[in-house]
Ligand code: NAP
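We begin with a single chain expressed as C-alpha cells, specifically the form predicted alone.
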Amino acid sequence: MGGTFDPIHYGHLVTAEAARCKFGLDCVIFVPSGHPPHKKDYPVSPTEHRYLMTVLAVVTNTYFDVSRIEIDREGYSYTIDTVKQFREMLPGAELYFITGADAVLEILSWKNMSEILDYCHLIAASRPGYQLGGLKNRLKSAVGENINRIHSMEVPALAISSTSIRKRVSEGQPIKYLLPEPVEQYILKNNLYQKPDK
C-alpha cells in the first residue's frame, strides 16, 4: 500500500484491512513514499517522521508491515520502480498495489503506467467524492487487456484525510480518534504540522 502517509490515519488502516480480506492477501506492506514527484510543489514532512508514524500505526496488526524501499531510494519515488523491486524480492508472488481512488484517477500521468499492470494488480480504494464508475472506460485504450487487473473497492472511512488532519493540528483542533493514539502522540511530541509562529 503506497502513500505519503503524512500522517497515516484510520482511513489508511481500514482500507488496508478491507483489501486484505476482500482479495485474500497474505499481508499488506505499507510503503511510505520517499520523494513523491506529484507532490514536489507541496511541503511534505521528512521521510523519517512519516516512516516512524506508519510503524507506530501498524505495529498491532500481525498482517501489516512497513517497507523503507522508497525512503531509502534516491531520487523521486515512482510506482513502477517500487513494484519491480517487490517483484524481485518476492518472485512468484501475486502482487497488489493498493492506493486511493484520487491517485488512480491520475494514473495516466504515472511513469510507465501501462507497464505497472504487467507486474501487479491495482486496487483503487474509493472515498466520498471520487467516482470510479467510468475509470475502466477511460483507461481501457491505454492499458488494453490489463484493464482486468484494476479493481475498485469502496471504503467509507476514507472520508478522513491527511490534509484535514494537518489543517486541524495547525489550527489547534483535536485529532483524537482520526488516527491511532501513538501517531497522535508522535505528532504532538515532534510539533508536526504546527504553524511557524508556534
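The model shown is predicted, which means the values in this text are computed figures rather than measured ones. Quick note: we count residues from 1 along the sequence shown, nothing fancier.
Here the subject shifts to the form predicted in complex with the named molecule, a form of this protein not shown in this document.
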{"property": "W110: touches the named molecule in the predicted complex, heavy atom cutoff 4.5 angstroms", "result": "yes"}
{"property": "Contact label in the predicted complex: Y193 to the named molecule, heavy atom within 4.5 Å", "result": "no"}
{"property": "T47 within 4.5 Å of the named molecule in the predicted complex, heavy atoms", "result": "no"}
{"property": "Exercise: S161 in contact with the named molecule in the predicted complex, heavy atom 4.5 Å", "result": "yes"}
{"property": "Contact residue in the predicted complex, from K167, K140, R68, H38 (heavy atom within 4.5 Å of the named molecule)", "result": "H38"}
{"property": "Contact check for S114, N146 and S152 against the named molecule in the predicted complex, heavy atom at 4.5 Å", "result": "no"}
{"property": "Those residues of 1-33 which, in the predicted complex, come within 4.5 Å of the named molecule by heavy atom", "result": "M1, G2, G3, T4, F5, H9, H12, T15, S33"}
